[in-house]
Ligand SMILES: Cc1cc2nc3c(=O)[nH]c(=O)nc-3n(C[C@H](O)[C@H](O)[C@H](O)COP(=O)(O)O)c2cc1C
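Given next, in structure tokens, is a single chain: the form predicted on its own.
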Amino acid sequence: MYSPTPVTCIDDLRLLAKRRVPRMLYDYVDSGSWSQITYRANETDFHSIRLRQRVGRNVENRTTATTILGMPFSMPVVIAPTGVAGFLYPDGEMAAARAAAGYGVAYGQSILSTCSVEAVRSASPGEIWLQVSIMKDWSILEHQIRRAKEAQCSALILTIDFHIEGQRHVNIKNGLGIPPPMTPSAIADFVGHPRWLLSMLRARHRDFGNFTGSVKSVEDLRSFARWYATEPYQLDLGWEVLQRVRDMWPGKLIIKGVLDPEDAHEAARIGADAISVSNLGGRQMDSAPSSIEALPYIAEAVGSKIEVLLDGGIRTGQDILKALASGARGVMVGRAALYGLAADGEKGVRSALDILHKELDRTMASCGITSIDQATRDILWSPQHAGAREPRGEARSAQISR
């Protein structure tokens, strides 16, 4: 990973990724739907949350280790499932899974990945959580669940907010499609990024491995595109339908795409083990609340009934700590990991994880805590909580209301 300056933060990886991959693919990663209000809010709403700086405490022997769904991890982070990572770096899902296993965190694999779940398992001995969606043809989901069992996936992530795609103006204007277009502008975009282009010649997996050969008529990218254009997702996603998935899968089940306390209660009722408070990275319904804005309300509503994860807007270790203090058990990291992958494959993902870990650890020390279970609301700043009287006429401490 060549960089004229040291890589010290996730934004450095973002800039490296922007230089290395074609604009069309970078924009796919780094944009949201419609006017991108929710996409931007996912990140910026973290900025309004303040942490309490504490001194006069013993902060030796800190640890970021924790458990999520009963599984031990080096820090409360899961790499979020993100589609077509293999278009950013050759066999990208395998590279990211190796990085996750090496760092001691779980890897969430998108069903829309270029590498099959079997290929990812062959590359990684770590925890793999396969993400799936409900299709009109239930035999597809049944087949994917069987493959997840055989690949020894320790959890299933059921995405329930992607049955109708959000309007993504940036992708439409760029002409992004499957397979990528071969228009003059697209070809110029690809040729203008020779490092990426030459590296992709090494890719062993060039289509959607979890569908090729297992869905009738899907044999390559073009046939997948024809099948996908038929809008294969089931639109009836009532809770009785989701209960059916719970009954099919014997392992840990995470329902991803929950933004409302009432829906969180329903997820707990049908026996899900966890929910992911997520708006799909701001790529679905614009003007939905940011994940961190919705999180405290959901966490308070469900209490200890179900584990709560947060997905969306994590760019620093401080963001992780803020999410934990707001009620999350852990976080799913999507774009930060993709920036690392696009910048330098497995090494780039490890760099992203290392940055987040270092920032999390140092922020814990500044807050005067030494373990993840001490990251409660008590570390969030508010004049009332700190026992201070709020000065008149001065700006109030910006805090997401709870």
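Sequential numbering from 1, following the sequence displayed. Not measured: the values here are computed from a predicted model.
Same protein, other form: the form predicted in complex with this ligand, not shown, and the subject of what follows.
Chemist: Which pick from Asn174, Gln131, Gln144, Thr114 sits with a heavy atom within 4.5 Å of this ligand in the model of the complex?
Modeler: Filtering the options by heavy-atom distance leaves Gln131.
Chemist: Verify the contact flag for Gly334: yes if a non-hydrogen atom of it lies within 4.5 Å of a non-hydrogen atom of this ligand in the model of the complex, no if not.
Modeler: Contact check for Gly334: yes, within 4.5 Å of this ligand in the model of the complex.
Chemist: With a 4.5 Å heavy atom cut-off, would you call Pro289 a contact of this ligand in the model of the complex?
Modeler: Taking the distances in the model of the complex, the answer for Pro289 is no, it never comes within 4.5 Å of this ligand.
Chemist: Considering non-hydrogen atoms and a 4.5 Å limit, does this ligand approach Gly83 in the model of the complex?
Modeler: The answer is yes: Gly83 has a heavy atom within 4.5 Å of this ligand.
Chemist: So, Lys256 and this ligand: in the model of the complex, are they within 4.5 Å at any heavy atom pair?
Modeler: Looking in the model of the complex, residue contacts with this ligand include Lys256, since a heavy atom lies within 4.5 Å.
Chemist: Pick the stretch from 281-289, 300-308, 95-103, 176-184 whose residues have a heavy atom within 4.5 Å of this ligand in the model of the complex.
Modeler: In short, 281-289.
Chemist: Though the partner is not shown here, which residues of 6-43 have a heavy atom within 4.5 Å of this ligand in the model of the complex?
Modeler: Heavy-atom contacts to this ligand in the model of the complex: Tyr28, Val29.
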